[in-house]
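A single chain, nothing else alongside it, follows as structure tokens in the form predicted on its own.
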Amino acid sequence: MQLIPCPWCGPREEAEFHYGGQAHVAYPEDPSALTDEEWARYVFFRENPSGPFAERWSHNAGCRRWFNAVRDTRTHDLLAVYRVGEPMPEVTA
């Protein structure tokens, strides 16, 4: 079982968390002005890097707060955890 360090509660088992997708994806300012292709790109297309990747997580079984984590997709190691609204920390993989 992997431990995920919640920024508010500290390290907890991964079963307490819910994955929320890629972090730092801005909602369109005027969604009704998007074409179907633009809307589909927003909804379905995400980066898929080999290496560090910023993700959103929710601590569902704890404080129920959302936070961001940088995870290495090759090893699943968490490289950094930070609160929503904070800048993404510099990481090296």
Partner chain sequence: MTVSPLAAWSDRLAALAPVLDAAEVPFRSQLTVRVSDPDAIAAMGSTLGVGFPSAACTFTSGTGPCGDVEVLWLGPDEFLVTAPPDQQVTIEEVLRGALGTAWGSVVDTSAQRTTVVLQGPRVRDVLAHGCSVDLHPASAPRGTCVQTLLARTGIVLQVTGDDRVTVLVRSSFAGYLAAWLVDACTEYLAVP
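Positions refer to the first chain, counted from 1. The structure displayed is predicted, hence computed values, not measured ones.
Below: the form predicted in complex with its partner chain, not depicted.
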4.5 angstroms heavy atom contact with its partner chain in the model of the complex for residue 34: no
Interface membership of residue 15, its partner chain in the model of the complex, 4.5 Å heavy atom rule: yes
Non-hydrogen atom contact residue 65 with its partner chain in the model of the complex at 4.5 angstroms: yes
Contact of residue 61 with its partner chain in the model of the complex (heavy atom, 4.5 Å): yes
Answer option from 25, 80, 84, 9, heavy atom within 4.5 Å of its partner chain in the model of the complex: 9
